[in-house]
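Single chain ahead, written as structure tokens, the form predicted on its own.
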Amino acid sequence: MRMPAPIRLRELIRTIRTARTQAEEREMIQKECAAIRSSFREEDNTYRCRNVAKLLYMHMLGYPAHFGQLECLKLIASQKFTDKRIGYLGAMLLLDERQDVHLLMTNCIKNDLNHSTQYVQGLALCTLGCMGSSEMCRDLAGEVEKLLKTSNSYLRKKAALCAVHVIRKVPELMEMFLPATKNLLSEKNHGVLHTSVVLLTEMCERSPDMLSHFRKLVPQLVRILKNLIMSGYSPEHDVSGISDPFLQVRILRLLRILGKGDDDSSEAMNDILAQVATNTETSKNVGNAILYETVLTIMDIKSESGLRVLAINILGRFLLNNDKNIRYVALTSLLKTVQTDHNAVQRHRSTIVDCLKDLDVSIKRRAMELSFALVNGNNIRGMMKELLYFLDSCDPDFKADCASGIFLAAEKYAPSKRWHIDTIMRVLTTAGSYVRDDSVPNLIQLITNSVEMHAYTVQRLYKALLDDISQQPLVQVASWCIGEYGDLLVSGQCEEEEPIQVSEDEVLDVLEGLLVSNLSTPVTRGYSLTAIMKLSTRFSSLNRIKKVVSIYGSSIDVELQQRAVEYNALFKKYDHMRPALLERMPIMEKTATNGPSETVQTNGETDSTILDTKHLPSISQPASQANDLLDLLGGNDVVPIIQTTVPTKPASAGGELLDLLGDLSLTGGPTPTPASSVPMSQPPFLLDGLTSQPLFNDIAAVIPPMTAYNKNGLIIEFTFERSNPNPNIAVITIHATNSTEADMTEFVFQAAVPKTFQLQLLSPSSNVVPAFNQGSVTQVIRVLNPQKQQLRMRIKLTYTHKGSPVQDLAEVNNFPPQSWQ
């Protein structure tokens, strides 16, 4: 029994559009798909074309239609043009090179490429150019190349686009199409010209040889572009009064590639680019598209300076356009060119700053980035005023980036230290919650180094603290400064502005208020407690400070509790050390780590000063102390080793002093890399007793010593041993001797190892290497080598000899195998 004729595509569309719900539409689609499947099973050739067309419509709606793939192949093999058209369309939509079915089409496409009808050939070219795999492209490239040489413009334009796809899939076939490209630009048909330029662009982008070969076509391309600009009205190619803007854009893009880095080609196209820039109508979007492409070409080639200024002026006009897309494009382009043509972009500074007030967030972000790029020493005050105003009113999403940009610009171009400090404090008061983590230590470093501004800064920060304690970075910096320079605040020594009258109790009230405030984070409370502790050496209210510190010895916050317990210990057991520990911080500098390319900033969360290390010997510590030291060094920030000076007492352990010094910013001395964290035991207080017990246990295996450095009378020898608890740790003891007639003073030894190792550099025995080999300086290095790789080390030696500073670098690569295997 013959099935009834299936409904037409038009009827199916009408039926589906009547569906009121998604479920109703799905039911209609499923019903129709079932009917189409039945028709396919019965090999119904009469209505196959109609069914595949309906299937493609369902595919466009998002429903599965893969079961029609083979039917598309059957339609392609048909002799009827209508069948082929739907078959090829189905193949382009339902097939891709990931499915093996597409390979069955290769023979059909080959036959159709040689068909007597140009429309059938066009269908085959379109399909191959859309979804042809690399295997198909290899098999059919010859036919495409043949059609590229034909005189039929309808086929040539399709063959050119198909050739682009072939080159993308199989780049080595590029040379096959080279002879066919010779006459492509002589074609009068704009469609062929357009596709030819696309083909040439693809070849130039993929092959430097092709780029050099096609540079000789620049005069011809310039001539075509000139004819397009000068030609009269042509209804066939006119778009909003401009002759074939699509072809113009494509030619400009190709000229950009050909002229990049080539003086002769750039010279040949300078005049035509100037003509395009001055003659193109800007009232319509079409003209703006051509001008934008012209600007990009001018900026990419080696163009004349006047032409570049003209291009930037075009972008400046774009900034005044009502269309947001054009303004965004202009800002993005100016951002790319600001480094090379800074002065030309500066002329449009006021327009760019006005864009900060735009309602569109994308434009505001680009304008902000460009504004920071325009900041220099001459306009820093005016630009910062605008950017600070923007920071006040901008959305929260912008505040972090804006604050960071202001910090960087102020650091680079600040006209004075007072202006620098005022600017950063303004940022902290308006957007403190959004600044990045490194802003606090950076500002602390700036304040520390500005010695003459200490009284002014601490007074400003104290007043800011009275107004608002919600901005945590501001509160942290203020707490640090009050702890460091509280005596200057109370004494009223500020010369830059009228000093305020404040008592010790008022200052302590503010800091205690921070400790109990719900707005304070745990880090802020740590800053406040440490500031109160520092004031014990600057204020006379010692009993009140002791009481506050003791209260927090039982705090629920472990970090705060630990600080308080250690500070209590300073008051009770080590009161003789407290004044030295809580001295003012010295000037802090950004110091290089022992890694070859890394830098480290001095830690902002500084609680105390460095102990005096000039004239006291270093102390060997027991093994548990080394573990605590490794724990101290774990993490991202590198903390240089400090040479501490304390009386020698009987042996007990060492974690607490290291914890006590845990947030010191330690500068000076050798700088180690971060070491891995080691589980820490809970020993008694370190200062209860120290011993000269060796840090590491010797092992039986003997590792031969080596000479690592021998120059200018200075000899550095390495001796080796293994750490008993961890065989992956090599312990290297350096012995520095001096054979000259004068002492080597201020001697510092530093070392760096590759990233696969971890290195810890302990304190040296002295910083003076005696003359005539009458003594030596020793220092212990621990190297963790978990992967048992060959040890390599770079060393840096710094010392003063006969009044002259000496600095030298050396590579040590000849370590004995026993030291690292």
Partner chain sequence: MIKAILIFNNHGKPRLIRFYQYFAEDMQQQIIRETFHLVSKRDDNVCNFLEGIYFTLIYRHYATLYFVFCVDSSESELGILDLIQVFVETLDKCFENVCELDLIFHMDKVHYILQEVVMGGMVLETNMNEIVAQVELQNRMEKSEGGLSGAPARAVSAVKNMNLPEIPRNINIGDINIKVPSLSPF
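All values derive from a computational prediction rather than experimental measurement. Residue numbers count along the first chain shown, from 1.
Below: the form predicted in complex with the partner chain, not depicted.
> Ok, A268, I421, A409, A289: which has a heavy atom sitting within 4.5 Å of the partner chain in the predicted complex?
After the contact test, the surviving option is A289.
> Identify, from the list Y485, F372, Y328, F749, the residue with a heavy atom within 4.5 Å of the partner chain in the predicted complex.
Contact residue from the list: Y328.
> Using a 4.5 Å heavy atom cut-off, which of 104-112, 703-711, 246-254, 550-558 contacts the partner chain in the predicted complex?
In the other structure, the partner sits against 246-254.
> Is there a heavy atom of E293 lying 4.5 Å or less from a heavy atom of the partner chain in the predicted complex?
Flag for E293 set to yes.
> Check whether G405 has any heavy atom within 4.5 Å of a heavy atom of the partner chain in the predicted complex, and answer yes or no.
Close contact is absent here: in the predicted complex, G405 is far from the partner chain, nothing within 4.5 Å, heavy atoms only.
> Is T448 part of the interface with the partner chain in the predicted complex - any heavy atom within 4.5 Å?
Contact with the partner chain, no.
> Please determine whether R782 contacts the partner chain in the predicted complex, using a 4.5 Å cut-off between heavy atoms.
No, R782 is distant from the partner.
> Can you tell me which bits of 172-211 touch the partner chain in the predicted complex, meaning any heavy atom within 4.5 Å?
Counting only heavy atoms within 4.5 Å of the partner chain in the predicted complex, the contacting residues of 172-211 are G191, H194, T195, V198.
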